[in-house]
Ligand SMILES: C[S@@+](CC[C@H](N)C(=O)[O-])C[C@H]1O[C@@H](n2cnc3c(N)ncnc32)[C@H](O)[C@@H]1O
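There is one chain below, alone, in structure tokens, taken in the form predicted on its own.
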């Protein structure tokens, strides 16, 4: 099959499943991975012959896309904060909103990192996108990252290696403060950051099938009657392992900004700042111990 025919077949196969622009984006991503052709190369090589094995890879991708599997899992990686991260169904796919959280931390601490060796802890690291991006951009910092999932940490460690940064990864349960207090009993952190599970069960209906059916629920959902479970535990435990004047950063549920702020106030945090994302939603919060 020639490339032009493959593109037409790919587009027709996914009509009705995705918007045209998204189908085009999928084809370009797969072409770069399978054919080693960028978008401009495709337009210049429309009559190139695609081998049977490569055609089969496109067909496999079509079948998976019809089940609304995220393209990032099919391709096997994604970009976050200018870096490439391996992803699979054991980790959440990094979001643009989380890039904003990383940028906020860098804006607040870049100059400080030039003068001192900041100690940073990322709780619930998943793919490692926050920890690794901070380590890459704050080379003097010592970064630690914690997750309950050993499978997620395998991916995070690979991502750290691929992006040439040194991050200390720890397997621990964020809800078992004794567990990770033992790990960090002799450490005090300048910065603690977390993007914990915050989607309530009642909010599932608004989620797309590619997220709901394929991304790890362990990293996404909390019960309706205790939506701030992870935030409460992290906030309380931070009292022991965050330095005086240390800063705590969270990515948050857009509907629970004021509730999260109240939680921090009740735990004696100061200078609390609620920040909106590019979509004008309450998405992140910062507080000082």
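Numbering follows the first chain given and starts at 1. Remember, predicted model here, so these are calculated numbers, not experimental data.
Quick note: we don't show the form predicted in complex with this ligand, though the next part is all about it.
In terms of contact with this ligand in the model of the complex, the residue from 74, 160, 83, 172 that brings a heavy atom within 4.5 Å is 172. Of the stretches 133-141, 94-102, 161-169, 184-192, only 94-102 has residues with a heavy atom within 4.5 Å of this ligand in the model of the complex. Residue contact check for residue 155: none of its heavy atoms lie within 4.5 Å of this ligand in the model of the complex. When this ligand is considered in the model of the complex, residue 58 lies well away from it, no heavy atom lying within 4.5 Å. Contact annotation for residue 27: none of its heavy atoms lies within 4.5 Å of this ligand in the model of the complex. Contact annotation: residue 121 falls outside 4.5 Å of this ligand in the model of the complex, judged by heavy atom distances. Within 4.5 angstroms of this ligand in the model of the complex, the stretch 139-154 places a non-hydrogen atom from each of 146, 147, 148, 149, taken in sequence order.
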